[in-house]
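Here you get one chain, nothing else, as structure tokens; it is the form predicted on its own.
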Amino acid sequence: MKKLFKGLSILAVVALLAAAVFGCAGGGGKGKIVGIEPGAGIMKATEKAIEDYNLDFELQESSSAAMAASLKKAIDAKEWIVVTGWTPHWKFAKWDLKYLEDPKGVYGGEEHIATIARKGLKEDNPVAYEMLDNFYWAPADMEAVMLDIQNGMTPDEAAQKWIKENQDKVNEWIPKGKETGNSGKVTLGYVEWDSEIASTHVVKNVLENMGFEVEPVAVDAGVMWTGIGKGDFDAIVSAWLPGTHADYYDKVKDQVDNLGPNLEGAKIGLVVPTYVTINSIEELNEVKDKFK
């Protein structure tokens, strides 16, 4: 009887210790922020937001497509979800979403998307360089292409549709007298964000319509910036500045030509469906159990 009691006591102690260990490890259960590809500027900013706001949340790495799929699943079930988000993006046209306020300014203010060319492209291919330099459109333009892709078109089909419907705008990008008959190859690096798939394929199709052979190369953000710095790519139209890609840009800015914004009014931050009743990042810890 004494041995049995002793055995039970040991088991009880072990159970209590295990519960304590797992309870501490889980911190009572962290909330979850659904992110995108590791290394993306918005992921670095979100890691900083978790630190600066002392959030009891973990950042889940995934992909742009997986983030959107998680968002759809949660909205269909009317569940709470917080994701890394940016505009322009088709999700804002499809669902009622809002940015959480960022009083500490971790995500910065309004951003722009810039066109970056390799050194020497202006001399090697002046017509393509001029077209890239002239490329400029609005968030609504980009969102229209993104939404067509999301609804089932290929990126090239969506790009050609937009070009056909916006030929006057496209004509402003093309150097006079160089509309067709051009030759040579242009390599475009880009990150596989929905926004950058849209912009890169529009530029690709405009250049192809002019006669160029164009190769779009999808890579992660770090490889894209290293590649443009080394001259592996002729250009990128996917540079989020001055915040999201600041670290990458600072490393190569003396090795590239910054042609300036091709889109203004961009933004990054934490995004939730509008039915979520909090409005600020500062409130996340109060309702972390809803974001599992």
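When you see a residue number, it is the position in the sequence shown, counting from 1. Remember, predicted model here, so these are calculated numbers, not experimental data.
Keep in mind that the form predicted in complex with a small molecule is missing from the display, and what follows is about it.
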- Message: I have Phe57, Leu270 and Val287 flagged as a candidate spot, so tell me whether each of them has a non-hydrogen atom within 4.5 Å of the small molecule in the model of the complex.
- Response: no
- Query: Which residue, Val256, Ala68, Ile42, Ile50, has a heavy atom that falls within 4.5 Å of the small molecule in the model of the complex?
  - Reply: Ile42
- Message: So the small molecule isn't shown here. In the model of the complex, which residue out of Trp162, Phe135, Trp90, Trp86 has a non-hydrogen atom within 4.5 Å of it?
- Response: Trp86
- Out of 75-83, 148-156, 192-200, 169-177, where are the residues with a heavy atom within 4.5 Å of the small molecule in the model of the complex? 192-200
- Message: I'd like to know whether Phe233 contacts the small molecule in the model of the complex, with contact meaning heavy atoms within 4.5 angstroms.
- Response: no
- Task: Please check if Ile33 has a heavy atom lying within 4.5 Å of any heavy atom of the small molecule in the model of the complex.
- Result: no
- Query: With a 4.5 Å heavy atom cut-off, would you call Thr244 a contact of the small molecule in the model of the complex?
  - Reply: yes
